[in-house]
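A single chain, nothing else alongside it, follows as C-alpha cells in the form predicted on its own.
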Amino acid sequence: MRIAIAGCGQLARMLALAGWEMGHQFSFIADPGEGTDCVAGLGPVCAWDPNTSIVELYGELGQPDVVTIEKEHVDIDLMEGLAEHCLVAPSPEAIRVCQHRGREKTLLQSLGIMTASFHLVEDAPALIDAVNNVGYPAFVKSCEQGYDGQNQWHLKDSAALDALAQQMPSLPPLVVEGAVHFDRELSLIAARSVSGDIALYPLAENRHREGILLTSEVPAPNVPDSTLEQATQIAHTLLEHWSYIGVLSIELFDEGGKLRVNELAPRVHNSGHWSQDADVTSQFSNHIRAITDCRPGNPTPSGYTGMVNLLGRSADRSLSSADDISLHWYTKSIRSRRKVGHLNVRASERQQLQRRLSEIEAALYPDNEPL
C-alpha cells in the first residue's frame, strides 16, 4: 500500500522504516519551513500550504491508500479534505480533539475519565479567577502547541500570576490546571486496527527533566491489578469512542493507585520507543499494521526494557556499542534540549535495568547539568 505521513520528523522516519519492511511505500507532507532531513531518501516530500489544491496534493503524494500523522498539530481542513479521497487514520475528529488541551480534557471528563481540575482562559481576569479557584501551585499551558516544557508556566505565588497576567494580551488561549499530587507518571501505548483488533503495551514509568521525557522503564514497577484495570478501561473507552485506528498514546498520573489522564497523543509516542528492541512488535510496526487493517502483533516483552532520550547530545562509543544497548539516531543537527536520538536498553532483571538506566543517565547528563 501507499501511505502518506503528515510531518517529516523522527516519528515519520521510524514509521516509514517499519513500513518498508512490510512492503509499503511512503510519501510525506511538509508544512511551510519544516525540516525534512529525517525522511530524506524515504519517499517524496510534498509541500503544503492552505492555498494548495488538496486534489493536486493528493496526486503529488502518489494517491495514497491511507494518510496518517506523526504529530497532532496538522491542518484539520487538510485532513478532512484528504479523507474524501482515502482513509485518514486516526480520524480528523480524534486529531482535532487531541491537538487542543481544552477540547481534550472536556472530552475526557464527558467520558467519565479523570483529569486534573482545569479552566479555560483567554484574558487576564479569567486567568486570575482560575488560579484563585484551583490554588497554588497552578500549572498553566497553552491549549495548542505546548510540548516538552514549552508554552507552560508553573505558578507558585501571586507574583508569578501577576507577571503572567501582564503577558496575556500576547498569549494564545490557555488551560489552567490544579496541582495533582501524583506519585509517578505512567504511559500506555494502545493500537486498534481498522477491523477493531486491539493491542495494549505494558505500562511504562516515565521520568522527566525540565519538562522533557528523559527515561522510560517497562514494564512499570509495582503496578497492582486495580491500576492496570483502570488503564485498560481508559484505553478501551477512548478507542471505542472514536472507533480509533492506529496508535493512541495516553499519559497518566498515578496518584496512589488512582489514575488521571494528563495528555493524549493520537500517534506513536516517545515513551513507546523501547518497543523497537524488546522482542515485540514495535509501536511503529503496529501503527502501520493497524492503519492497513492487519491484526496487531505481540506487544508484551518477555524481559525488562527501557529508553533514554538523547537531548542535545550524542552517545559516545562506549554506550552505543554496548551489548545491551541499541542506538537510534534521527539525523538531526544537535542543539540544546532537542531530541536527536534515543538509546534502548534490555535486561533480564529489573534491578539490572534500573542500574543501567541510572548509569547511562549519569554518563550523558553529569551532575544534573541543565539540558
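Throughout, we count residues from 1 along the sequence that is shown. Treat the numbers as computed from the prediction; the structure is a model and nothing was measured.
Although it is not shown, the form predicted in complex with adenosine monophosphate (AMP) is what the next lines describe.
* Asked: Heavy atoms within 4.5 Å of adenosine monophosphate (AMP) in the predicted complex: which stretch among 192-200, 174-182, 128-136, 271-279?
  -> Stretch 174-182 is the one.
* Asked: Is it true that 208, 251 and 263 each have at least one non-hydrogen atom within 4.5 Å of adenosine monophosphate (AMP) in the predicted complex?
  -> Heavy-atom distance to adenosine monophosphate (AMP) in the predicted complex: all three under 4.5 Å.
* Asked: Which of these residues, 158, 232, 152, 298, gets a heavy atom within 4.5 Å of adenosine monophosphate (AMP) in the predicted complex?
  -> For this set of options, the contacting one is 152.
* **Position in contact with adenosine monophosphate (AMP) when the complex is considered in the predicted complex, options 116, 78, 87, 107, heavy atoms within 4.5 Å** => So the residue touching adenosine monophosphate (AMP) in the predicted complex, by this definition, is 116.
* Asked: Is residue 101 close enough to touch adenosine monophosphate (AMP) in the predicted complex, meaning at least one heavy atom pair within 4.5 Å?
  -> Contact check for residue 101: yes, within 4.5 Å of adenosine monophosphate (AMP) in the predicted complex.
* Proximity of residue 141 to adenosine monophosphate (AMP) in the predicted complex, heavy atoms at 4.5 Å -> Within the cut-off, so yes.
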